[in-house]
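Before any questions on how it binds or moves, here is one chain, the form predicted on its own, in structure tokens.
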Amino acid sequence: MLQPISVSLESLNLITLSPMLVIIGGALLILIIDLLKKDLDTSLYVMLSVLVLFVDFGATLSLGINERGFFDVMLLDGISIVAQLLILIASMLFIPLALTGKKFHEYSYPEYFALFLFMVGGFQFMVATDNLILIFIGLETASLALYTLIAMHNTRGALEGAMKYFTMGAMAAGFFVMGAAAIYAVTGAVELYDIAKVLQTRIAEPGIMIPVVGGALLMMVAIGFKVSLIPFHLWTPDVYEGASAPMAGYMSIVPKVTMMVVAMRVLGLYVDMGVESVRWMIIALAVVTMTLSNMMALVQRDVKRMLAYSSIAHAGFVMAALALDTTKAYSSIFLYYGLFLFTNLGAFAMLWISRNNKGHRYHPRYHHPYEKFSGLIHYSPAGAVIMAIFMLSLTGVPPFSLFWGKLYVISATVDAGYIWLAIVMVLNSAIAAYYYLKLIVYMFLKPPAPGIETIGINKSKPLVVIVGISAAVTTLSIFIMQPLLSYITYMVSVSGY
């Protein structure tokens, strides 16, 4: 006689869902408030969203603290906790950018903030699970919300960008499902831990490598679309150009961090088992991405499009660490994006401050051509200096934050024995210096453009605070590097990577 199966709530570890439940509850609360009372001020929804994100941050952080109050991994692996903390920090910096000096279409809708919280919940769900089906559910939840948020900017470019992103996202989802199906056909499992156990026992079977590598290749294509690796990057410049500057900055960080974690779990599984073909596919994608995107960035005439190609190059730079299969390499991914977060979001926030209704005054197509920033030092010295700090950091000039991120990634590459790859990364950083320094030349050495005094027309106190925080972290990162690196390395090591 079959005995009934007893499942206790304690065994389900429902506490691990608390961060996602907090964020979803906050989104539903915003919708309920809007139903009960219309036309409330945008600042209410901004502050409510920040409060929800702050509570979510505390709930996530508590998952890594043991009963004695020390950091430990009790319920989730350390990589999940670090990734969620990065997502939440970026989100808390992003939301106050809605409090601009001018009114913009999307921020007048409470649904914007609810969708944003649903998107964050989807991203958190993706990094908190090792089940391929649940990763896909989180991916689609976040993606559908993100497409809508882009379109809500309500410009021709935003609608075009949202449609392109939706089309490419649908292709990525299809490749992800096909890759998951191929892996399931070989292993009969969707949990990555179970998949690893089955593959370890069957890896020596004749003919097994074809579906195994095929599944990895399909997954790599899906990840390539989402991380915007070349040749899957074609949507990126147009989507960044059409989206609002804060949304473009957010897309350059959070979706990429999320998919890097998925790649770390899925593709890292193959690398860890010694499937060299997968390792070399990752390295080839990384080298092609960082090199070609830097070449394309050199000829851009718009600062926003230049930063779009820049984010592709940085993704390729970080992707190289994924193939190394060491604790130091995986730690360098989180350190890099943790520092990149403040620098890049700050740079896009500066573009948002310079946004005005006469967007094509300096160029018939672009909102942020280089000419718009000519002689900025004469009209806005603080703005020019801060933007220069962000550009120098993206270049990798010490002592600014991204120098340390690049240095640690290159160090991990050298330690793993890939000297030639480290040389390629250094050369690409040198190429990138040209287009970052080009903007500094325009701001400091070119004569002022007519009407440039309108460059701060969208400025507000919340935007100034966010830019100030980003600039401070970018400049003073050397003082937080050691504790930050120690924490990240510990969390990655205890996760078994």
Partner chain sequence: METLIYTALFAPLVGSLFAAMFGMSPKTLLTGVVTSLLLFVSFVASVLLLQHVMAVGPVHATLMDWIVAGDMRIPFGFSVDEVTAVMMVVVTLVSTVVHIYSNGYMEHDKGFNRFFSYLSAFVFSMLVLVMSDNFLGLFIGWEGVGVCSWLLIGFWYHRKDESRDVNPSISPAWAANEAFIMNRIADLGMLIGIFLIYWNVGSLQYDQVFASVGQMSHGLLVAIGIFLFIGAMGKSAQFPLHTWLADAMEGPTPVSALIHAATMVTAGVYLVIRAHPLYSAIPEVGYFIAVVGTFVAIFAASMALVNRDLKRIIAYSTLSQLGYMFAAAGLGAYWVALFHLAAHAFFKALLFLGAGNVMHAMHDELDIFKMGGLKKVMGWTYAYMGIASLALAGIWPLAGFYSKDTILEVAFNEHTYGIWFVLWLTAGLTAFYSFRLVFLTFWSDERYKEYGFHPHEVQKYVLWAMAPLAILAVIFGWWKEEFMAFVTRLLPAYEMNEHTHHMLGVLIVVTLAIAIGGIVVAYLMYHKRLRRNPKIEASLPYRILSNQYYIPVFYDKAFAKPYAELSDIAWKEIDMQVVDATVDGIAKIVEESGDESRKMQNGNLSDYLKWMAAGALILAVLALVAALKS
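Keep in mind it's a predicted model, so treat the numbers as computed, not measured. Numbering follows the first chain given and starts at 1.
The same protein also exists as the form predicted together with its partner chain; that form is not shown, yet it is the one meant from here on.
K.L.:
Kindly indicate whether P246, M251 and P462 are, all three, within 4.5 angstroms of its partner chain in the predicted bound form, using heavy atoms.
P.N.:
The answer is no: none of the three residues contacts the partner (heavy atom, 4.5 Å cut-off).
K.L.:
Using heavy atoms only and a 4.5 Å cut-off, determine which of L192, M220, L351, A323 is in contact with its partner chain in the predicted bound form.
P.N.:
Here the answer is residue option M220.
K.L.:
If the cut-off is 4.5 angstroms on heavy atoms, which of these, V271, I89, A196, M163, is the one near its partner chain in the predicted bound form?
P.N.:
Flagged contact: M163.
K.L.:
Pick the stretch from 339-347, 263-271, 299-307, 81-89 whose residues have a heavy atom within 4.5 Å of its partner chain in the predicted bound form.
P.N.:
Single hit among the candidates: 299-307.
K.L.:
If you check in the predicted bound form, is I431 within 4.5 Å of its partner chain, heavy atoms only?
P.N.:
Because a heavy atom of I431 falls inside 4.5 Å of its partner chain in the predicted bound form, the answer is yes.
K.L.:
Give a yes or no for Y370: in the predicted bound form, does one of its heavy atoms lie within 4.5 Å of a heavy atom belonging to its partner chain?
P.N.:
Outside the cut-off, so no.
K.L.:
Hey, in the predicted bound form, does M259 get a heavy atom within 4.5 angstroms of its partner chain?
P.N.:
Because no heavy atom of M259 falls inside 4.5 Å of its partner chain in the predicted bound form, the answer is no.
K.L.:
With heavy atoms only and a cut-off of 4.5 Å, decide whether L285 touches its partner chain in the predicted bound form.
P.N.:
Heavy-atom contact with its partner chain at 4.5 Å: present for L285.
K.L.:
Looking at its partner chain in the predicted bound form, which residues in 235-252 have at least one heavy atom within 4.5 Å of it?
P.N.:
Counting only heavy atoms within 4.5 Å of its partner chain in the predicted bound form, the contacting residues of 235-252 are W235, P237, D238.
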